[in-house]
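Two separate entries follow, structure 1 and structure 2, each one form of the same protein chain as structure tokens.
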Structure 1
């Protein structure tokens, strides 16, 4: 009895240490973002000065606007493509289902740096040989992000699509509804939580991505993570802490909302069923 309690306490203590190791550096950045001092290692009092200073910088504001534009468009296109692929793969019996699924999910396990280098080479060659293909810039960043994050949407929506069964769709067909009516009135409402969760994760993945962005951008396109990294190379400033805090808050809010929606989708499905 005592040995079991000791093991539980040791495991709990180990879990706390792991969480501290993961999040203590982030907590330090957040705390010192509210420091009034210019010295990032000396606490001189609470202040919001560095947040306002960051937003007075035209360069930071332009980088933020570009990141938000790319993340929003990426969420839209990745959700459309990922949902379509998930519906096609969910109940397909084609012999190409497994190879196609492997290709889609390969983007999740291949190191991001490999995808980034391959994307840059492909975009440069495509622009040189196809006149209509855009040069390196925010459009190529968007293309790379859509390809990368669509797999996450496929993973989430497909799991929901295959897990909710086909009984209600079959009942709808038996009652005389057509394929479009069944999809709009039965399938889509049940898939909606997974689609929204996939869109939020695609948004956050794009918003805080650095590797893909820096390899597929031009010299004039700078996203928010790129602006932060470019400044950190010359030393951490309080403004960088403030920007990093805002970025963390946006990503954490998106991930938390997606997780909340995904946890509630089972209850929603039960209610619909």
Structure 2
């Protein structure tokens, strides 16, 4: 028993160490957001200067707005396309099911940089030869992001859809509801958590993406990650740290709220049982 205790302690110690490893860079970013010096690598005293400087920068504000716009539209389109496909694939017995699923899988397995350069080559050629296609810019960034994030929506929604069984839909049909009202009243509410999770992930993937964006953008459309990358390479960006600190606070607060709500629901469920 003694050695079991030691093993347990060792594992717990390791777990805590790895969690510290995960948060060390985030802590560094937060600390340096409050550094009064312009030099990011040495500490010169506490200051809130960079938080106001960050939002006075037209370039940063424009980049943030562009990223938010692309991420929101991407989440919308990816969720619509992905959920529809997941519904069709979930219980399908068509011979197209396997090749189509393979295609979905492939969009996630092909390295991002390969999709990125393929999209760049495609968009340039398509715009030169077919006038209908937009030139490189925020629209092409959006078109490329949707390819990649819709696949994630398909996987998440389909897993939930096949996992929840069809008994309630059968009951709904037996009771005389049509496909549309069955979808609205039975399928959609039960799929909602998966759809929301998929949409959130699609939003995050797009908002945080650098590689796809930089290859499908032109010089005039700069997303937030592109602005970050362009500036951190020269290492003089405490304002970037300030904005990142705010973002981290927003994410952490959102997660804490979600957990609090889930905990309360769990408590009431326990109380009922």
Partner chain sequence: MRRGRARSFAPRYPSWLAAPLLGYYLLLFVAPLAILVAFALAKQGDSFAGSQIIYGFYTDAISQVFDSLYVNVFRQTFLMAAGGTLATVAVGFPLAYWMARHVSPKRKGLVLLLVIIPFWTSFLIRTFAWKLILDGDGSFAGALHLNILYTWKAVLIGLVYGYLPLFVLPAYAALERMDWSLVDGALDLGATPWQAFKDITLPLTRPGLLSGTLLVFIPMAGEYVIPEMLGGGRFLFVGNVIQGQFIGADNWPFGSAVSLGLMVLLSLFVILYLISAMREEQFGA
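Between two forms, the rigid core is the largest collection of C-alphas that superpose within 1.5 Å. Quantities reported herein were computed from a predicted structural model and do not represent experimental measurements. Numbering follows the first chain given and starts at 1.
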The form predicted on its own is shown as structure 1
Residue 24 C-alpha shift between structures 1 and 2 of 2 Å or more, rigid core reference
no
Is the shift of residue 48 between structures 1 and 2 large enough to count as movement, that is, does its C-alpha move by 2 Å or more after the core is superposed?
yes
Core superposed, what is the CA shift for residue 257 between structures 1 and 2, in angstrom?
8.1
